[in-house]
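As a starting point, one isolated chain is supplied in structure tokens, in the form predicted alone.
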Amino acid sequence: MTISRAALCPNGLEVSQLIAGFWRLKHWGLSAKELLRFIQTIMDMGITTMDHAMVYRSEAPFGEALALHPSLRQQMEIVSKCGIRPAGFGPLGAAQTSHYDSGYAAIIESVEASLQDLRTDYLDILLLHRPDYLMDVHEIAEAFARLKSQGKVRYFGVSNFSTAQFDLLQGVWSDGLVTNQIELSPYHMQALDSGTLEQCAGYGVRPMLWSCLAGGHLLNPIDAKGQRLLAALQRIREETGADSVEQVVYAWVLALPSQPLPLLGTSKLERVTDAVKGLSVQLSREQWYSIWEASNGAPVP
């Protein structure tokens, strides 16, 4: 089974319905050849969008695998992020205090490092990883314009931005932001009430969602909330005939009218296959709200 393409924004940029997340790649223990086989296998399923960030330390091993089969680059979309400078990270980190840096020089420097590590000439999408309280949106737009004119980045977006922060940058970046990558799961539902999803729908851009499984807390509960959710998810799995609880979770986020795009953060091909097969699972409104109720710990008002 292969998945279909999805229009990310009105300007014609397409990505895959599910996105491969590589934030844990450094812990997967894969050789370059093993990683290449993983990449090829998920691409055969239709997952062509690959999510990275400078701070994940995922780009160099991914680039090493890609160098074994360079023609794959033209068949995928690479997303990366910049703006976090962790202490002790090396040349792109902080001397003592971890901080955010969305200054012109920092954006350019981070992209150049990402391109070198990924062994590619361009990024399909660059995201500002976290909102920087000291950010100058005009300076950011200037950096974006330089990178685009040089052919080093095709499109730009943000990650974890509030609606006000998104609007502020959107107002000065003439090409328009293509996404806001945010956390959303039945366990962490804050985005449902933040206005972020409605804002994306209003601009015609689709949000990307990270940690849809709440870092594993939905599958292995550590508190009463997680236990309530797992029980609800298991009941709905039986009602819908879904193969797994994970499929029910993805059906829950995909039911949102903003048409979000979930990130998968696994190296296990059986779980990727399960997520792909689960795209056909659909929930009734009552089932959707019963998961919301389990998370909230109280009925809808």
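A residue's number is simply how far along the shown sequence it sits, counting from 1. The structure displayed is predicted, hence computed values, not measured ones.
One more form of this protein exists, namely the form predicted together with a small molecule; it is left out here, but the text below deals with it.
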query	finding
Partner-contacting position among Leu219, Ala94, Ala113, Ala145 - heavy atom within 4.5 Å of the small molecule in the predicted bound form	Leu219
Among the candidates Ala106, Met76, Ala214, Ile125, the residue which, in the predicted bound form, approaches the small molecule to within 4.5 Å (heavy atoms)	Ala214
Joint contact, Arg130, Glu246 and Leu264 to the small molecule in the predicted bound form, by non-hydrogen atom at 4.5 Å	yes
The small molecule contact at Asp51 in the predicted bound form, heavy atom, 4.5 Å	yes
Non-hydrogen atom contact Ser162 with the small molecule in the predicted bound form at 4.5 angstroms	no
Non-hydrogen atom contact Gln181 with the small molecule in the predicted bound form at 4.5 angstroms	yes
Contact label in the predicted bound form: Trp23 to the small molecule, heavy atom within 4.5 Å	yes
Candidate stretches 66-74, 29-37, 230-238, 256-264, one within 4.5 Å of the small molecule in the predicted bound form by heavy atom	256-264
